[in-house]
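Okay, so here's just one chain, in structure tokens, the form predicted on its own.
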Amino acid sequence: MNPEKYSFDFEVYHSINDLSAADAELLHDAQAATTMAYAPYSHFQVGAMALLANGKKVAGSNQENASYPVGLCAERVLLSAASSLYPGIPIHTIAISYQGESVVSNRPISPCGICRQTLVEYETRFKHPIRLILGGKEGKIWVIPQSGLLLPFGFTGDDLGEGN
């Protein structure tokens, strides 16, 4: 047996004040996007803001539904909006933040499994990495250089024979 190891590097900042001005603005925008969430069941609002390669920004927020699990996460809302508003334009960076009635928004959260899969598909489709800025309303911030790093061994079109 030959064991292999998977790891990746990411940046950790102690507060939003340690980010570049552009990254801090994008995270502030994601924090503001949490107010657009429709989360009457979980009371957990997630906001995401993307900076596209053309310099435009697109927001997304989670949208729940009484018929669980048919709600949509902020990241997938954002990716759908970006594809519809700016077809063919890759996303450079996405900032993701959250707030909730019963949680303290003081640490980064990470996309769920479905969103990780969707982000990998988006990166593959555009052949362009999507940088992630993950942070709450305060506290540490993680900057991940490529969203696909969060889903090692992801399922892609290559698995369906599309890359052959």
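These numbers were taken from a predicted model, which means no experiment stands behind them. Counting begins at 1, following the sequence as shown.
Heads up, the form predicted together with a small molecule isn't pictured, but that's what we're talking about next.
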Even though the small molecule is not shown here, does Thr34 get within 4.5 Å of it in the predicted complex, heavy atoms only?
no
The small molecule contact at Cys112 in the predicted complex, heavy atom, 4.5 Å
yes
When the contact criterion is heavy atoms within 4.5 Å, does Cys73 count as touching the small molecule in the predicted complex?
yes
If you check in the predicted complex, is Ser42 within 4.5 Å of the small molecule, heavy atoms only?
yes
In the predicted complex, which of the stretches 26-34, 100-108, 56-64, 124-132 has residues with heavy atoms within 4.5 Å of the small molecule?
56-64
